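Okay, here we've got a single chain as structure tokens, the form predicted on its own, with questions on binding and movement later.
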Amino acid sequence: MPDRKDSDSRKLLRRLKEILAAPGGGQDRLDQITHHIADSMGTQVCSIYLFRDAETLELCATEGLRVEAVHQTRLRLGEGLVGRVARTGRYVNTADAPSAPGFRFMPETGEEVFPSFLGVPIQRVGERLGVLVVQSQEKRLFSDDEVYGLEVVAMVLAEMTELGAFQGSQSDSMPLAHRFPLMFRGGTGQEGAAEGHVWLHDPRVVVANPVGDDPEAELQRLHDGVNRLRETVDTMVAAADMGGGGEHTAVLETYRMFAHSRSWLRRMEEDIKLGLSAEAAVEKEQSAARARLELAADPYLRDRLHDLDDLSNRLLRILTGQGSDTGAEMPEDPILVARNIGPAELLEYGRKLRGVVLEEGSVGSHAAIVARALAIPLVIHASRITAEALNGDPILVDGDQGIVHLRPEDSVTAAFRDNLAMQAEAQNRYASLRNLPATGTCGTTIQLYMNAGLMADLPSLEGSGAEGVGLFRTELQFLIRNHVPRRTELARLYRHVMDSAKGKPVMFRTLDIGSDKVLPYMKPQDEPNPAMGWRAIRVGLDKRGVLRMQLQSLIRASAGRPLHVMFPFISDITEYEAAYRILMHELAREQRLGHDMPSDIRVGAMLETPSLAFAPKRFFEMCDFISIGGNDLKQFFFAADRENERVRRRYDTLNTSFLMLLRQIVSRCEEARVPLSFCGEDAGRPIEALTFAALGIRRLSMRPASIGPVKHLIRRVSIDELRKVIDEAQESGLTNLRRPITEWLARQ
């Protein structure tokens, strides 16, 4: 690149730095910037469009177009050439704008006399901020050097925007960044509601010096930082215990390849030569890579975006010295906001959190499981909230509806608090029922159990009034470690669980991994549909060493006490028979070794696939108990992925066909005299729980907070009468029973 161009670019960036440091309002700064860019590039027009909201761009400043169009001209995302730049994250360079695809004529701006058009995105690490445009009267294509130079300027504008240089005031029409109320509509990860203040799990690095005064010094800083990064990555790869290589090793080697990429370093060096600081150059390349990879059709390439993001963030923290600990003080009522979070990290926060909001995640993710264990509301898929939220912002989390209110208006807060007060009052009523049985007015009693997976769950056992643990998820102890737990560790944990239960039964489900629960030290499986792939008992029967070790730990932990073992995701009787034989073999082995044996052992299965409802009678007779895994059974019955928001809500649990399947399962269990329970989210919903009871299911297992509402409803109605209502509705040909059931309840 010619020295003159380097000099001109650095001169312009120094001028922008002076504008950033000088006093003045956001509008005044933008007006000065457009004037200097047009002058530096020798164009008649320079315009800056910023996002007014997620879908709307607004002309906020211009040199050369009509001044009266400022804050009046607006474009939808994807509309016109400016909207196209914003949508794609790529520049548009044309000598004849009116003939370019997608052109939209805006007569109020007077742009018809400026056919040459160059627009580049103003973006920061995946966050779209606006578009920078230059135009000229002469019909010409802008050179590669000019395009590159304008992209460098756009990067500085992005950092200035992040630093609040263009925030509005009461006297102008500029957007008020991070000031106005926002609502995010996501998905429910864990029900409940909470009010608090934002605590960012991974605060964004703030680039306070986007312009470098000394290119040589900035290049040296970059090289020193990259060398430290490479040493860190090399050490991580060398120290990783990958169990003899395989796909994990290949992934880490790819990660190291990115860190040692010469082209990555060369692009950042060129940015610095044009006037950027080392950290601004890193962010520019990170933003550009994001824009490219987000549009990639290949899912493998899109996944590499996370590797590049992680590398760039590591390098930025090295250059700026900004770690996760920024010195900010956690509020007394923290709501954790993050793109995503692992189970171990979430557990470190523990019960300090009032709620969690994630941009990613899923209803079956590790974070969702831990959030349920901690009994805190979780909203997932809250798109772009990490870009909008600041530490300390007031925030309301509605886990029931999957809605988040950031910086809410007073009226929204008042209504939310009224709802919280009503819920608290209801919980007080439920507390009075804690030691009473869940017996309907007809005399039918339903046993209410709780689900658990962590020691943090166990204090809820007594306080909730649960009669035992209907499902203890053993996989969480594997998910929160970076290595396979030792047998002695597991035995100690299971012993502690039994001690905490104080004689109440605990149903231990053996390892249910695969699908959305992938162990960090296990080779990932590239499966097109993981939920229906190699998971749960299928893994256990193929990797028998882990299953045997877990069974040995359970046997040793029980020592003189009853032991309940439940095998997950049984689809065929042969799987249950194979797992049962392994358990019997381990019992015999432990006895030969002289270990104390369980006083009694009960072996059951989770019925999560429709196929098992049609299993031979021998299967039901072999089981000491059966638990319907409602979440999986419903998604396989309706062929509706419960992670897919577009389809999962279309299928109601009270659909007649699904209830008929449950009735068949109840009938087969009654015939074989095997106890049956229902475990899943629906068991904790009062209307659904009451319906299951009317069908003949006498044990329900749910999250601790649901036991009170379910017991409250059961004790107020006749289960026998509801069964008659269900029979009549089914005989009448109704395809969904929610309406007749709720109408009957209203009359009660």
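The numbering used is simple: start at 1 and walk along the sequence shown. Remember, predicted model here, so these are calculated numbers, not experimental data.
The same protein also has a form predicted together with ligand PEP, omitted here; what follows describes it.
- The chain is drawn here without ligand PEP; in the predicted complex, the stretch among 104-112, 388-396, 627-635, 329-337 whose residues come within 4.5 Å of it by any heavy atom is 627-635.
- In the predicted complex, ligand PEP lies farther than 4.5 Å from every heavy atom of residue 283.
- At the 4.5 Å threshold, heavy atoms of residue 218 stay clear of ligand PEP in the predicted complex, well away from it.
- Taking non-hydrogen atoms only, residue 467 never approaches ligand PEP to within 4.5 angstroms in the predicted complex.
- When ligand PEP is considered in the predicted complex, residue 680 lines it closely, a heavy atom lying within 4.5 Å.
- When ligand PEP is considered in the predicted complex, only one residue from 405, 84, 290, 535 comes within 4.5 Å through any heavy atom, namely 535.
- For the options 623, 379, 120, 606, the residue carrying a heavy atom within 4.5 angstroms of ligand PEP in the predicted complex is 606.
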